[in-house]
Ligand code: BGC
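Encoded as structure tokens, the following chain is the form predicted on its own, with no partner shown.
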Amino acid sequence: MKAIAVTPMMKDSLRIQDQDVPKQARNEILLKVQKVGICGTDRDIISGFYGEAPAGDNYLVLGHESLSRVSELGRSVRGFKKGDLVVPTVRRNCPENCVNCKAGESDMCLTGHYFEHGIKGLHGFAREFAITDASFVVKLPESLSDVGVLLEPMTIVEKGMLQTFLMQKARMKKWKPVKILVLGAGPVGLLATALLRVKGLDVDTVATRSEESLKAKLVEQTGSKYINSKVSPLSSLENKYDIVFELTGNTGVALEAQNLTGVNGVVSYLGVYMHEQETEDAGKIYTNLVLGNRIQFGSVNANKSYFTQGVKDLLAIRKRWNGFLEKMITTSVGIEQFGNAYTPQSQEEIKAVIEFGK
């Protein structure tokens, strides 16, 4: 079978590689992969920024955003049948099985020795067939067969939002956010915008594209306000937001985000930032944190509970805004044209997908 692989930490080693079809163990499912989505993490791995091959291999199969069908079941697997539409989670427990991993929260692993499909120590799903532990698999309804590949990025939003609400409710008896700022209108930013609107919140979403762009139109479809940062820079915005979700991965934007929350506000960082040097008045940052009772936190990965909730919220978004999710998938190619998926094809690109068997 064909797989899309790299040599970790080696720039531009992306290639098609032949593999044998894996054999599932008693507790595993053999997946017939339908689609994989491409994100900045994949492109960072291709650039040699990070990535770790499984033990004993000198290559890493990419693909952590996926949609598959059940092909074969291990003998001890229950609750699934052949043909089920499914999405496997990305992270797996550390060898030590720390208290958080043991509790089903590998996304909060204490040791840092966790594994991640397509990223760290486990092959990903960018191949015709893949195997995964059945306990980390979520079923999807057939109605999401065209857009279910968006579930993994949706879970990043689910976790960031829930963690924000849990922290705020823990420190205040009464807290009701009203105004939310989303920095970035990529796939996660658009999903965040839609989910926050489903929850009844007032949302401003900022990006660098023009007001006529597809991203702007999708933001406005949800009833949110689109802000072109080239016309209205972040420095012109008032610090009036209850929550700021920073999704750009831009260090400079991340620093500016700290000045955009009101009293008791929260900044949730959901991007990965290059190690750049930025100049900023650290004293001002920390003073504002103290005097404003503000919170800043980072969030990465998501456990199975967020995938389960994400299925429900994808259905809610589709019901409320017809065509919104479909329009987010702007590039769809077969495996033979895989290179086109990893290289943005236009400024309007949002989510690129590789369809296996296309």
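Since the structure is predicted, the reported quantities are computational estimates derived from the model, not experimental observations. Position 1 is the first residue in the sequence shown; the rest follow in order.
As for the form predicted in complex with the ligand, it is not shown, yet the points below apply to it.
Contact check for residue 246: every heavy atom lies farther than 4.5 Å from the ligand in the model of the complex. Although the partner is absent here, residue 156 sits close enough that one of its heavy atoms falls within 4.5 Å of the ligand in the model of the complex. Taking non-hydrogen atoms only, residue 64 approaches the ligand to within 4.5 angstroms in the model of the complex.
Within this chain, residue 91 lines the site of the ligand in the model of the complex, having a heavy atom no more than 4.5 Å away.
Annotated contact segment (heavy atom within 4.5 Å of the ligand in the model of the complex): 38 to 46, selected among 54 to 62, 23 to 31, 38 to 46, 318 to 326. Taken together, 116, 119 and 152 are fully in contact with the ligand in the model of the complex: each brings a heavy atom within 4.5 Å. Residues of 281 to 313 placing a heavy atom within 4.5 Å of the ligand in the model of the complex, in sequence order: 300, 301.
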